[in-house]
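As structure tokens, one chain now follows by itself in the form predicted on its own.
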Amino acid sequence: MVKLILVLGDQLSPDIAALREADKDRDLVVMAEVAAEAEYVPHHPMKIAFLFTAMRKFAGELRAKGWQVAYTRLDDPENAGSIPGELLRRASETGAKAVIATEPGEFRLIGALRDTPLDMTLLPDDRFLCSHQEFARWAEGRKALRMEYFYREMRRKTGLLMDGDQPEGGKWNFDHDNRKPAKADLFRKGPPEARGDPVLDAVLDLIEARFPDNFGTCRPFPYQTDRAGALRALNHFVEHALPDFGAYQDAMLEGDPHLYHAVIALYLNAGLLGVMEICKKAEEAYRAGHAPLNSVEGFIRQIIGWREFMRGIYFLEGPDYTRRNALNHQRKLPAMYWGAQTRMNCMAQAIGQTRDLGYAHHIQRLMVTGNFALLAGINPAQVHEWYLAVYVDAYEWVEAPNVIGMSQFADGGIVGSKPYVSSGAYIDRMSDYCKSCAYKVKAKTGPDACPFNLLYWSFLIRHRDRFAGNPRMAQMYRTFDKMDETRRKTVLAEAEAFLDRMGQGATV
């Protein structure tokens, strides 16, 4: 009896678990571009275009290898509109009663598949280093789940950057060396440009017609859309950017969205690249003397540390994780996140870049747009949906813990021991944004005061009962208490006035 083999848009790996269990001579691979997946949040057009193009090319590769593939395009008049609907349609056509699928990365879709009236087999997604069961065993009995200790276990498991049973260079983490601000460099090479092709062009026409009002644009389209292109992007990064990645990974510059970042997360998360091939490529660069240890360690930590840790948290905490709001933040997401005018240059730069590329690096996400949302008390569910919508590499399993946990502290401290908040001083130190801003980063109060300066203290005082006893934050409360009483009152009053203006829709 024929079985249906489901391959999702972020499972574009020829050795995905479902394909390994399939019979090429008998079974039918099902792939589909469906409205339910394209529209459950208003995804950036580049994300939809990237996935649909990569899916079409991957389906072609499977057919060339002898697979029977039933592929549904978004504009197919027979399109059922959802993944379960497409499975039922193909089951009706073929008489199939069973489906083999690799577990999706979102509880929403896992539930939808399990509710399908077919014999559904969900196989573990073993493209990741750490299974759900392994992470649960690691987490069991721990008072706090900290990525650093999980990361060390992944280093031992993989052998990456290990010298026997000790870390290469005698330290697990070289983050102390990775906090330099960058300077403008006209000779810095960005990621390789996309090569246009008929498949991509047809998808771009479709996306522009179908999603004209989504935040962001499709053209010029900058990303690779198949494995060969993803490998070019990886090799380009290792050759040209990895040596300086570590030192400048937290830096931000106007007009230079990529700096020394890899910009390969979208390929990794969609299955066009593998975890170990990326990490081994970076490790080889270190062993060959091409890239320093601080750069290579920092890069590998993001992949086998943070990425695996985020997935572990998501599946450990369960489907309600995205609804958590430990700080009871209730303000609405301001219109500037969707492109409305703002006087804050750092926000304008990060959001404008997001609009144009569907991309911002981790510090822009964490310490600019995320920091502002946390300080301003924005509802974390709205912040979560924004990040899920606007970034080409965003999938809930990785995005939600980064936003709900790391960025917004809405999980109450599961991911981090303290909230990631800062005044404008951090942004000034790590970027050139403040030089062109309408506000003055050195001003602590008054009409020209940087909003981050005002909101920083407002946040701390609103949540004093929760954070005053935190050893990593106690000093900041002592600093506030030493301020002149008039200044304290002025700071808090001006912060409240700023939030009121923002809430009323004024340009801030």
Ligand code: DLZ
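These numbers were taken from a predicted model, which means no experiment stands behind them. The first residue of the shown sequence is 1; numbering continues from there.
Below, we refer to the form predicted together with the named molecule, which is not included among the displayed structures.
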Only hit among Leu272, Leu357, Leu109, Leu234 for heavy atom within 4.5 Å of the named molecule in the predicted bound form is Leu109
Out of 462-470, 479-487, 60-68, 25-33, where are the residues with a heavy atom within 4.5 Å of the named molecule in the predicted bound form? 25-33
Within 4.5 Å of the named molecule in the predicted bound form, do we find a heavy atom from each of Leu8, Phe52 and Met55? yes
Would you classify Ala376 as touching the named molecule in the predicted bound form, given a 4.5 Å non-hydrogen atom cut-off? no
When the contact criterion is heavy atoms within 4.5 Å, does Phe135 count as touching the named molecule in the predicted bound form? no
Closest heavy atom of Gly246 to the named molecule in the predicted bound form, within 4.5 Å or not? no
Would Ile83 count as a contact of the named molecule in the predicted bound form, using a 4.5 angstroms cut-off between non-hydrogen atoms? yes
